[in-house]
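Given as structure tokens, the chain that follows is alone and in the form predicted alone.
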Amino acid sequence: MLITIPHMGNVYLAAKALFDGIDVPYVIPEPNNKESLQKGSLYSPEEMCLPFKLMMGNYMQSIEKGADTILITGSCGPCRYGEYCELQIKILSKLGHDLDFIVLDAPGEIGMDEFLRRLGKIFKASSKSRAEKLLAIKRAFRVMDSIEKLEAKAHYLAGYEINKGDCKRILRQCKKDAFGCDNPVEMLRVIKEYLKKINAVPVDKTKNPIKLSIIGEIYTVIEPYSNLNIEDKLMDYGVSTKRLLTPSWWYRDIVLKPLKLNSPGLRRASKEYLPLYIGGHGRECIGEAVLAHKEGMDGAIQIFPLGCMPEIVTKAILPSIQRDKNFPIMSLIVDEMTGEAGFMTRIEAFLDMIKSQKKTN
């Protein structure tokens, strides 16, 4: 077995920590870039959304390095993502690639026995003891949680930092150094050191930066290349940002959903505008917009791929929230044809509008 995963934000760090911890051979594809998008688009149906095409590009790059097993998570309600694996298996098979797809659907959807059977495919390739495997899982989740805390801190402090670029530099270097580690213990130590560094960044608390909430479809929100690195660009503009959707949030939400204990704050916040689940993270998007207003954010940016049904529905609802609460919200739709110049022009105009509004207030 030579296992690989598609890129999705910081998931690659947690996956690396897990595979190193259980001593299973793996391939981490190159970070998403123009080449991976071109490769993925070449073998994808034209009407499929951007995440599908980027994932296909990740697979093709990993297959070139010998990968024979692909680990991917399952869907969230009536969303095309649930059919990704079936279509991707057929496409790759037609291209002559015999791969084993391990699809980790939510236990509530496929049953705990089937979930453990699928998970067991990974661990059968490991010679580690059961205790060591459980410890590796625990450490992988700690890696994910720690890097997310660092990322959230860096994105928010960017609006208050005295030396422009400190937060961005620390975050980038942390990810680079963490990926260079060959065991999860060392990776956790590295991230812990960078958490100390980010907490020591000189800040000016008298500043009143623009504060934005990043909302929308989970893949395009957390995968930097798919959203043209919007969070990094906002850091350059001295904007503080917050983002609720993260891989660890997704995991906790899936685990607690059967008990109806998942994201109670979001469900309450969305009740007035969207009381039902419509697939993907549409309801969460509405709840995030309402909560962002309550928390005193200056606005929100919704990001989603072209053709995403749940987010198309939420895009139609968000103007009501904007009107009712006098809360600026901008929607950005991305696909392989999205141009950076036009993308940034819209963001700059949105920031100028918020600055004018803040001065008026």
Partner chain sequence: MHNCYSLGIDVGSVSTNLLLADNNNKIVEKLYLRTSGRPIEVLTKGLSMLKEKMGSKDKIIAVGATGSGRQLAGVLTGADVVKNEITAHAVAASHLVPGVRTILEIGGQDSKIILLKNGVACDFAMNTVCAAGTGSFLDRQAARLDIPIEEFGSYALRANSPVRIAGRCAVFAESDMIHKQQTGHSIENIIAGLCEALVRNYMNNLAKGKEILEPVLFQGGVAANIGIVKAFEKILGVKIIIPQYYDVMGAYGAALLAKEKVESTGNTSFAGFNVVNRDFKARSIECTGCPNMCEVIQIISNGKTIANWGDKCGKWGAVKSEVG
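For clarity, every value in this text was computed on a predicted model and none was experimentally measured. Numbering follows the first chain given and starts at 1.
If you look for the form predicted together with the partner chain, you will not find it shown, but the lines that follow are about it.
Interface membership of Asp23, defined by any non-hydrogen atom within 4.5 Å of the partner chain in the predicted complex, is ruled out.
Shown alone here, Lys207 lies farther than 4.5 Å from the partner chain in the predicted complex, counting heavy atoms only. Looking at Lys138, you'd find every heavy atom of it more than 4.5 angstroms from the partner chain in the predicted complex. Within 4.5 Å of some heavy atom of the partner chain in the predicted complex lies at least one heavy atom of Glu30.
Contact annotation for the candidate site: Arg252, Val255 and Pro258 all lie away from the partner chain in the predicted complex (no heavy atom within 4.5 Å). Taking a 4.5 Å heavy atom cutoff to the partner chain in the predicted complex, the contacting residues in 340-357 are Gly342, Met344, Thr345, Arg346, Glu348, Ala349, Phe350, Asp352, Met353, Ser356, Gln357.
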